[in-house]
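First, one chain by itself: the form predicted on its own, in structure tokens.
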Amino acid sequence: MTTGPDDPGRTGTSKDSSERTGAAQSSSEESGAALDEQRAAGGESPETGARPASMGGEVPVAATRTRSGMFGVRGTGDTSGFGGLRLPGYSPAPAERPYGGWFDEMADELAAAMDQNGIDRSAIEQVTVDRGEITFYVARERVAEIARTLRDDPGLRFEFCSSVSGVDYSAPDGAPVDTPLHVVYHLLSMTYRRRIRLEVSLDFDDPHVPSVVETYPTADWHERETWDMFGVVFDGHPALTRILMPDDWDGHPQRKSYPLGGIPVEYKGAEIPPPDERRAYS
């Protein structure tokens, strides 16, 4: 049947004969059909701490804990209004097949590509599907190889790394946490209109991970910022120097162990002390 210019099925572009933007596989909202079941299996419990691999062995990960207050202030010294904040611990449960949507197809393609490139499947330590998004937890020593595989394999084509960032999952009360320092990579496939995350966990005593700049040049400044703020050392980076703080700055400001600090502010003749030096006014 011939369609006319007023046909709602037409886009008015030269791509009318091609697949229309917004197809089912382009939306992560179609994914994670078993999300409720995964959460019921333990994802919403603060005590959940196991991350069994779906493509390899088992990797124990510490449970998350309820966060109390903000900025590390204790007692009555917090005048910021956040002292009474209570956030429940949340750790997404490891996903089980089927993941839903295009996630299964993509995971199968990745496993086949890893086999083809001689990368053991145990390099993927866990797969998590949460809030319609998929995350692959990767062994740090293989992250550069997996990133290149994700970029170059014709069935994957994750051509763009939009972000590399750090996370410090240290417990506010100082309790020990397994590999609390994480590096998160956000990858985009412009070919297939898909987004995924890679995540690597590290210890503060050994915060080294291979750089992915050779595969994704856009990661250059992202890795520098993650080094600057969290102290993650990206081995092989062409120029791993500070990008936000002065070159001679001591410490990494977004680690939870970093002191709050602050500077006094003068306002209408009065001097307001930094947050960690304020007293309660009640």
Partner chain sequence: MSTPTDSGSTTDPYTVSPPPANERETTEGTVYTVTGGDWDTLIDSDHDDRIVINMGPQHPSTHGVLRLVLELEGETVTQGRPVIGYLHTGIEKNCEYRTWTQGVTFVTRADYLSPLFNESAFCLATEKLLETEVPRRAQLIRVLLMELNRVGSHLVALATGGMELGALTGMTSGFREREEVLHLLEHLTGLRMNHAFIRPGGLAQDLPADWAEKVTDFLKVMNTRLPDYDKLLTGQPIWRQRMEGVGYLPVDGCLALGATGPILRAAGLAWDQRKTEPYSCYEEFDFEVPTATEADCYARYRLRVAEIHESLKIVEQCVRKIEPGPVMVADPKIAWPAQLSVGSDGMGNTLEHVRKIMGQSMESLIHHFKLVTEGFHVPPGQAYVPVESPRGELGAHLVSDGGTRPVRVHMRDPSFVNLQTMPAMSEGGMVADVIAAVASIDPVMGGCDR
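Predicted model only: the values in this text are computed from it and were never measured. Residue numbers count along the first chain shown, from 1.
The same protein also has a form predicted together with the partner chain, omitted here; what follows describes it.
A heavy atom within 4.5 Å of the partner chain in the predicted complex is found for exactly one of Ser163, Asn117, Ser122, Thr179: Ser163. A single residue from the set Arg157, Arg97, His208, Arg193 has any heavy atom within 4.5 angstroms of the partner chain in the predicted complex; that residue is Arg193.
Of the stretches 200 to 208, 179 to 187, 106 to 114, 140 to 148, only 179 to 187 has residues with a heavy atom within 4.5 Å of the partner chain in the predicted complex.
Of the heavy atoms in Trp227, none are within 4.5 Å of the partner chain in the predicted complex. A residue is said to contact a partner when one of its heavy atoms sits within 4.5 Å of a partner heavy atom; Pro264 fails this definition for the partner chain in the predicted complex, lying far away. In the predicted complex, Met245 approaches the partner chain with a heavy atom inside 4.5 Å. The partner chain in the predicted complex comes within 4.5 Å of no heavy atom belonging to Gly251. Along 205 to 228, residues Tyr216, Pro217, Thr218, Asp220, Trp221, His222, Glu225 each place a heavy atom within 4.5 Å of the partner chain in the predicted complex.
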